[in-house]
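A single chain comes next, written as structure tokens; it is the form predicted alone.
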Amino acid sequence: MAKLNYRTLRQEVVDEIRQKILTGEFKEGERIKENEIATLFGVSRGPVREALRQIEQEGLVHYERNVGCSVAAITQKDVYEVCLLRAALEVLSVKLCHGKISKGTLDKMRESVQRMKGMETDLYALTQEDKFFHNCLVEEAQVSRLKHTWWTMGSNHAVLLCAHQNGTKTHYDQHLELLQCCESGDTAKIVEAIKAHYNLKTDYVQRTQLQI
């Protein structure tokens, strides 16, 4: 592996560790040792420590005192909470713009869906593309604090893609269906499509009675 660029050192370490978790190179429950990561990336332990702290906040790493960091286990509750929050933000954006999504935004979403073809085995790339697609919906409302809330979720987006699957459909098919509903301009139809996309009608949802 090439040595990392000092200019963006901490973020590059974050991206590298995150990618290794998403691709399964770092397994659930596996210890992540600062000194080994520092040696692997050719950096000091400081940026590694900062990167692990960020990834812990995102939910991909678990820290235990006197033990250290390990790859976090992702539970059904974790996945549901990320789905609920993402869906709530997207639904709010759609309602604020009355379902009328601009041509420019729809074009970007359409291009994103096309890029998803053939990505099913590249979870890291798919995570980035999924985040881009849904960010288009969130940004459409042009509400700065709504966008800020979305971005503060960080790699909770990755948590979702790591563990959440909507039946047997590919991510390309799922996003194509949502895009087609967004093209309708029908607020109620788009809202229901978002809920279906995040599978917010499961038995778990009914038990918790947390719905949007």
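In case it trips you up, residue 1 is the first one in the sequence shown, and so on. It should be emphasised that the depicted structure is a prediction, and the values quoted were computed from it without experimental measurement.
As for the form predicted together with the DNA, it is not shown, yet the points below apply to it.
**Asked** Does Gly29 reach the DNA in the predicted bound form, with heavy atoms at most 4.5 Å apart?
**Response** No, Gly29 stays farther than 4.5 Å from the DNA in the predicted bound form.
**Prompt:** With a 4.5 Å heavy atom cut-off, would you call Ala196 a contact of the DNA in the predicted bound form?
**Reply:** Flag for Ala196 set to no.
**Message:** Is Ser144 near the DNA? Define near as a heavy atom within 4.5 Å, in the predicted bound form.
**Reply:** Because no heavy atom of Ser144 falls inside 4.5 Å of the DNA in the predicted bound form, the answer is no.
**Request:** Please run the contact check for Arg49 against the DNA in the predicted bound form: heavy atoms, 4.5 angstroms, yes or no?
**Result:** Close contact exists here: in the predicted bound form, Arg49 approaches the DNA to within 4.5 Å, heavy atoms only.
**Prompt:** Can you pick the stretch from 169-177, 144-152, 62-70, 183-191 whose heavy atoms fall within 4.5 Å of the DNA in the predicted bound form?
**Reply:** Heavy-atom contact with the partner occurs in 62-70.
**Request:** Taking only heavy atoms into account, state which residues of 24-53 are within 4.5 Å of the DNA in the predicted bound form, ordered by sequence.
**Result:** Going through 24-53 in order - heavy atoms within 4.5 Å of the DNA in the predicted bound form - the hits are Arg31, Ile32, Lys33, Glu34, Asn35, Gly42, Val43, Ser44, Arg45, Pro47, Arg49, Arg53.
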